[in-house]
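Read the single chain below, which is given as structure tokens and is the form predicted alone.
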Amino acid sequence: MNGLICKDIMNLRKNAKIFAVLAVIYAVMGFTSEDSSFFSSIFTMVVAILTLSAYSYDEIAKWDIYALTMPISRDDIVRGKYSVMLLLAFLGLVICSLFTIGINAVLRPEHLFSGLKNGLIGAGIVIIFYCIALPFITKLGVEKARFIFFAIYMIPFGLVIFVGKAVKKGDMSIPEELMTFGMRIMRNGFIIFPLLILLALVISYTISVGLYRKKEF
């Protein structure tokens, strides 16, 4: 499986310059706005998008047909992709954390580690996103599953905006019980969030393995 991970990483080197430029752009925006949270929230997701590129390269090269002739199992192939996704999310988190510490050291050294949680939240959201998306990619392929990616992103994003505007206008009110429940989750977020991510990974990986075992090429 290590070979599968190395193969994807080597393929993704083609995107290194593009993402280096994006990193500089987001870093400059973070410094000019004196807000590290912008970089932390966005760049973690930008780096993790590389997971889609890994699937796209394999799909274009018809890699799966060739890979299945080698002494590796279908489970290994799926496990390799999930490992690459987690590695990229971790890479994004590390870069964001270093940037956050750097900008805090320049602008507000008394709050050196302030804002690190934004990178953690960003990485967690990316992992959950892919936990939903990867079974669809495994079943349909990247190209056919693209519309599902937009739905996974746009539906929650749209709902948050819609509810937020409705609450501000007074057209909608959030039940007190729901607010209390939400506050409890936020207070225990560092326990609940990792458990939720772990559960999502287990369920998603199990589904993807089951789909890939039955897939014909």
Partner chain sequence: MANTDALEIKGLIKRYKDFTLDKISFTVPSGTIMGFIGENGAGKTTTIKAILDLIKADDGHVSILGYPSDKLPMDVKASIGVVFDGSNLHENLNVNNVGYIMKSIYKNWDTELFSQYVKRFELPQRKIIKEYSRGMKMKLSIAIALSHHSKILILDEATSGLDPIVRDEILDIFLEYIQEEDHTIFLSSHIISDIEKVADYVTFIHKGRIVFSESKDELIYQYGILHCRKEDVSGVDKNYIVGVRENSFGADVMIKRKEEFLKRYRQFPIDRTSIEEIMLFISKGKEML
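Here the structure is a predicted model, which is why all the values come from computation and not from measurement. Numbering follows the first chain given and starts at 1.
Quick note: we don't show the form predicted in complex with its partner chain, though the next part is all about it.
Under a 4.5 angstroms non-hydrogen atom cutoff, its partner chain in the predicted complex lacks residue 149 among its neighbouring residues. In the predicted complex, none of the heavy atoms of residue 142 sits within 4.5 Å of a heavy atom of its partner chain. Its partner chain in the predicted complex comes within 4.5 Å of a heavy atom belonging to residue 57. Within 4.5 Å of any heavy atom of its partner chain in the predicted complex lies no heavy atom of residue 187. Per the 4.5 Å heavy atom criterion, its partner chain in the predicted complex is contacted by stretch 69 to 77, the sole one of 115 to 123, 69 to 77, 133 to 141, 84 to 92. Distance criterion of 4.5 Å from any heavy atom to its partner chain in the predicted complex singles out 10 from the list 16, 195, 202, 10. With contact defined as any non-hydrogen atom lying within 4.5 angstroms of its partner chain in the predicted complex, 213 is the only contacting residue in 194 to 213.
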